[in-house]
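Form predicted alone, single chain, as structure tokens, below.
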């Protein structure tokens, strides 16, 4: 029998892997179980370099948050936020602008519980237990109503989350509903898994998709064109939708490692 750590909420099955806890494992976190680590190891065998890709993903997120603050956007809605790690959105945003407000959203109980613990005492950041597929639940939540003024620009972060929604889930519809609720000048900050144009072959993408499918969390590799469609209604911010290290680099990425050029990132502004 697997011993339940003190931080693990009651009622979750420790033998069932979770996308957010696997991600935590890639980043070297401690809020994951053996089932998550086993799935993560199998994913890395199928798609070598995943931890480096996730680090590049986080580095892009931090650059994009700083860009948003520089543009005068100080409200952040981070959907699929996962388990808090060093350099989270509220840390980056509030370091740059102490008055910045952040609403995190996730449906993994461990991510929600640990976020609440990390954010205790921070009156300008909170977590919502909700799903991207139900935008209204997010927008109508008490933390969103308390911390976000939708008449002013908001930075909407969809970092490494849309590729866990199948086309049947209508992810574009969810993005559009969120976009329509936001004020002009709002930003969409997005990353998405893909083998299009990167160093990893489509066959490797198929293998890692199979790993995630086997744990009940489909992973969908989309083309650059498909990723760009999520920005409908947003004007692309230069340099557009590009490999993560190429979006306004600051020298913090290990740019000599080709694996980090896997997948796409971009920022768009609502007119």
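All of these numbers come straight from a predicted model, not from anything done at the bench. Numbering follows the first chain given and starts at 1.
Just so it is clear, the following notes concern the form predicted together with a small molecule, a form of the same protein that is not shown.
Look at 181 to 189, 91 to 99, 148 to 156, 123 to 131: in the predicted complex, residues with non-hydrogen atoms within 4.5 angstroms of the small molecule sit in 123 to 131.
Residue contact with the small molecule in the predicted complex: residue 53 places no heavy atom within 4.5 Å of it. Contact between residue 43 and the small molecule in the predicted complex is not found at the 4.5 Å heavy atom cutoff. In the predicted complex, the small molecule stays beyond 4.5 Å of every heavy atom belonging to residue 196. Remark: residue 20 counts among the residues lining the small molecule in the predicted complex, judged by a heavy atom distance of 4.5 Å or less. For the residues 144, 73, 113, 161, the 4.5 Å heavy atom test against the small molecule in the predicted complex is passed only by 161. This chain is drawn without the small molecule; in the predicted complex, the residue among 221, 61, 243, 208 with a heavy atom within 4.5 Å of it is 61.
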